[in-house]
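As a starting point, one isolated chain is supplied in structure tokens, in the form predicted on its own.
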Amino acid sequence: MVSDATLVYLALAVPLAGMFALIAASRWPALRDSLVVVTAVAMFGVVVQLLPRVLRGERPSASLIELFPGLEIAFLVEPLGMMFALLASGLWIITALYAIGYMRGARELHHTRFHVFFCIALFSATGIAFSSNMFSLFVFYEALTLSTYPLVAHKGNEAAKKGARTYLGLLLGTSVGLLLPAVIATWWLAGTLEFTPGGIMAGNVNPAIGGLLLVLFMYGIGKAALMPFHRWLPSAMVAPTPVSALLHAVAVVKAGVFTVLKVSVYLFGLDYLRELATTDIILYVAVFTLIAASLIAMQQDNLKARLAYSTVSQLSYIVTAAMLVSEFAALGGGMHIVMHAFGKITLFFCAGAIYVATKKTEISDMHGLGRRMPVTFAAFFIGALCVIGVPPTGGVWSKWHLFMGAYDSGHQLVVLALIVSTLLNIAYLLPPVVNAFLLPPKEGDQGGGIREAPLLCVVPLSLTALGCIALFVLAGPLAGLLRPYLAVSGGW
């Protein structure tokens, strides 16, 4: 039987090995593209082997290097991290297939460089998922930012360079200027950075100082996109659509909200959060973000821009869940990471497929396209339902937990905001589908029969759309996996 440490190291090593294999195979496109898929499948296969151990209550661990006494890069696989690693590695397989079809269909350049940095990004996301302490997580968090910068700037034109500079500047600025001081102060005051059930702050950090640290952490985790540090997300939409899928569903923003949940539950602890004056402040900043971003999304005619602001809003659902300091809401926040990932990756896959097949990017130009691309727009409809939170998609369960958590916590204003936000989700996500199927085609788009994007684009978006529906019946096992991460006292 393979040891726990070996599996943890393999999960990290496989994407790095795949990176070197891709570089070696760069002269042979068919071999290179095959290796992309093989690497993704191999990584998922390794991660899956950890799942039964976590479900049995075991916590696989490994220690890489100790830099100072009590400060090391180390790994421990707990339920929330297990969920994130499964999500990232599983969706990487589908994204790899889609990326091959998109890069060929859109005639993008520098395929090898693109896939190499994808490998590094997934290595970084896995490191974040399995980090046993905040220092390790911070190291991999920065590696994820740096590895995705070339992907955002991939096209190499002035718009891509400008968007990538905004992306890098805001994410590095928040992490180095806010998150790093919070990490250092926590280590100094609490004497440890280990992720611990119930948190490490109580009894070690005065609530007044803890309130300040909470603000630094929540805004320092720039990938969670709280306003006003959200602009990096729409700026990054200049990247190819598979990168948008990576940013919004597979790794980057999910790393942000995953870190928010880890910090809230394992550094602060829900009981300690209830004592802090700034908890409600961050809560209402998150509520403002989810409403304001939805209103901005409604004004966007560019489909990817609309989806980008939708992501800003949806991330704030998870920050809201953490700041409600309710176990019910925190469980909903963990579930929403998965539900939103499947819904949003489907929407971005569809946006990319529409571009590959028609070169259209504006929603106002897509009237009647549902008749030419019925599979793509049907998948878009399912992905939209998942993000909105409507049966029979998984999104209904995570939002139900969030609503109940807000109600149980006595935050009636938050309940109202969640209702309004859900209505706004309907207002900006359903019109593209309705217009595509019910309005007459634009002049020049009539006739020609069904003309979908290449198969390697259509199959992945169909699979993720089916995943949105499958999650409706798999919400129970997902909640069962995540529930132990809310054990705020006792052992793992």
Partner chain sequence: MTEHLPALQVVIALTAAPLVMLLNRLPRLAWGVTLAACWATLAIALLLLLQVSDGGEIRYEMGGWAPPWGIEYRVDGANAWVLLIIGLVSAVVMPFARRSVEQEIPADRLGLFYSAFLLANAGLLGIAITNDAFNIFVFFEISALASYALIAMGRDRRAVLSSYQYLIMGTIGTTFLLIGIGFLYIMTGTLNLSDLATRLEGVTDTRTIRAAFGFIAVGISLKLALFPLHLWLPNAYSYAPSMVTVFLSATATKVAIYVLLRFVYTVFGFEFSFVELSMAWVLMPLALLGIVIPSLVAVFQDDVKRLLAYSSVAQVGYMILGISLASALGLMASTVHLFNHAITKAALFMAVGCLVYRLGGVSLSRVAGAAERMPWTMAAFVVAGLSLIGVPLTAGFVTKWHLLQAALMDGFWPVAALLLATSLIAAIYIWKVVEAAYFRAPPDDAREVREAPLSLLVPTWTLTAMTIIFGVWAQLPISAARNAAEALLGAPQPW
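Residue numbers count along the first chain shown, from 1. What you are looking at is a predicted structure, and each value in this text was computed from that prediction instead of being measured.
This next part talks about the form predicted in complex with its partner chain, which is not shown.
Contact annotation for the candidate site: 380, 471 and 483 all lie away from its partner chain in the predicted bound form (no heavy atom within 4.5 Å). Note on the interface: of 195 to 203, 396 to 404, 308 to 316, 142 to 150, the segment with non-hydrogen atoms within 4.5 angstroms of its partner chain in the predicted bound form is 142 to 150. Remark: residue 188 counts among the residues lining its partner chain in the predicted bound form, judged by a heavy atom distance of 4.5 Å or less. Its partner chain is not shown here, and in the predicted bound form it never comes within 4.5 Å of any heavy atom of residue 413. Its partner chain in the predicted bound form is not approached by residue 208, whose heavy atoms all lie more than 4.5 angstroms from it. Its partner chain is not drawn, but in the predicted bound form it has a heavy atom within 4.5 Å of residue 71. Between the options 374, 228, 391, 173, the residue in contact with its partner chain in the predicted bound form by a heavy atom within 4.5 angstroms is 173. Comment: its partner chain is not present in this chain, but in the predicted bound form one of 114, 135, 266, 102 has a heavy atom within 4.5 Å of it, namely 135. Looking at 387 to 422, no residue comes within 4.5 Å of its partner chain in the predicted bound form, counting any heavy atom.
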